[in-house]
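Only one chain is shown below, in structure tokens, and it's the form predicted on its own.
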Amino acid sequence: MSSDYENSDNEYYDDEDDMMLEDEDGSASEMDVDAFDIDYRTSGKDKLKLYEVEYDPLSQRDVEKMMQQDVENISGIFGVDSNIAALLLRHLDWNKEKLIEKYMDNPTAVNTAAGISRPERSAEPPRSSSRSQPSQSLLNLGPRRSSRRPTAEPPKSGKTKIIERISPPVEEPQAFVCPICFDETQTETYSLHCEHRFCTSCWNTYITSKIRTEAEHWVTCMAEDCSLVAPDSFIRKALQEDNSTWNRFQELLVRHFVACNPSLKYCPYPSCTYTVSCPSASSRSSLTTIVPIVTCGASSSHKFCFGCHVDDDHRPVVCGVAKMWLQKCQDDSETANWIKSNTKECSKCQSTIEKNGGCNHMTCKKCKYEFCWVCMGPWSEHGTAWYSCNRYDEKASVDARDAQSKSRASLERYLHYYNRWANHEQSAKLSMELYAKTEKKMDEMQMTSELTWIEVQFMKKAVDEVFKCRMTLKWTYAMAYYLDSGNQKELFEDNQRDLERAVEELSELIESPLEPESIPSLRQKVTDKTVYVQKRNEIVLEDTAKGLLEGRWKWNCSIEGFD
């Protein structure tokens, strides 16, 4: 290892953080990779670095316990059943303070809005009968007799009366017909408090469709214009033995709880049910000073940003810059820049024209307007100077050339940063192929040397570090694109250059041809370079995070969250 690297390492090492173990020859051993193989901290026991955030991974069971605590709290305050308390919390997005305030003010309105009770129907006013019927005071002039005499029933014999007392007439029960499937053979039915009764088969099909197809956790009554919501106990009873749908229902409840809590975020990886709690990144203002990269408890590869929808480790740039850069790379704004740099607009009809020859005499195919490509003036004023323009020094021509040059310079600047960003992204994607080559090389080392499988792990750790550093380098170019020119940007680019050079040197060592006699020296070089690369990566991340906390970075455009 060259001496300039050793001096650079000593420049940044502190007494507390100096964990390097040295052999007799003064070089770092493979133990250094383990010592510096720092994972992202998840507890306050270990000292967090400036670019790390404190967070806790939570399983679905852990989140369900948090939900149950809130339900029990509301149930105890209001004195209601846990099913009702759960519906009240879901109605107001698990905001306990807001629920308590509204419920204490008008519990009837809250219960109605939450689908717990039906809205009270206002009593119909009595109809006026002054016109159709005369008032009683006016008709009460004397006793009146009915003109129709009631028909007298024939007298019953004593035997008939005794039979009616012993065996009264029994009304035959009407057969139940389900309003949904019109099946008369169903004997088991369910209904909510609204007494809208349906067969168990229809309830099961309806609830299963709501959960499975529509991903709904808010299941209302099947009757028309009925807003009552089915509680959890009713849904469990209706699903019967369908445990898979019930588990899906529980997962939807957890997702709704997590979505309503700003300090929680669901893992975006497919089929993962873990959640991450990160209170330090729950507000938008905090995202201007930290980059909350977290890892869920299901797998160390499930790494994502807590503050935005970028499913990637985009350190060292903040979320606002990362989103702007990705949007710029995805939309057609740069296509417009290319058009500006390579085309001009017709002065008459504003059609876009590309010059495909050397002659400056242009004719618009749309409106047939003839003009000069250099000064954009009418060609008729150029006289017989068909292949030259004597109007170069006019202000309009100068302005046109300046605007064309600025557009071309802006495009070249963007391509400078984008090409390097895309190059590191492509190199990181090819890491899987590099892993496969490295495993073959590790097997070859075992066969041609006395090294064990554990001792050849230094190659895999080196590949891991290269991948991690390329992700950092990729996003440093996005940050450099939006940084304002000045001393701070120059220092940032110096750290960027040192890290990039070290990463390329380590990549060359990893991909260098393997010779049996050079395995010991290769092992030492790769180990030393891995430690150095890891330290350079920490320097970039630490300095950038410190600059965010100090407000040192100045941007050349408006960034979300920054004044």
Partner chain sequence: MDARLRRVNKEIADCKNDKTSNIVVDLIDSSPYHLRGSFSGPEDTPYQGGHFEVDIVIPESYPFQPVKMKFITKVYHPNVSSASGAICLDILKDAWSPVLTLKSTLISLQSLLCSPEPNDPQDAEVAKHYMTSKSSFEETARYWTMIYAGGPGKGGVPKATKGGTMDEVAMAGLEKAHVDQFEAIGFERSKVIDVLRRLNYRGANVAKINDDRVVEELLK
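Keep in mind it's a predicted model, so treat the numbers as computed, not measured. Positions refer to the first chain, counted from 1.
Here the subject shifts to the form predicted in complex with the partner chain, a form of this protein not shown in this document.
- Partner proximity in the predicted complex, defined as non-hydrogen atoms within 4.5 angstroms of the partner chain, places exactly one of 311 to 319, 179 to 187, 431 to 439, 489 to 497 at the interface: 179 to 187.
- The candidate site formed by C202, S209 and E214 is fully in contact with the partner chain in the predicted complex, as each residue has a non-hydrogen atom within 4.5 angstroms of it.
- The closest heavy atom approach of E224 to the partner chain in the predicted complex falls within 4.5 Å.
- Not displayed here, the partner chain is approached by F198 to within 4.5 Å at the level of heavy atoms in the predicted complex.
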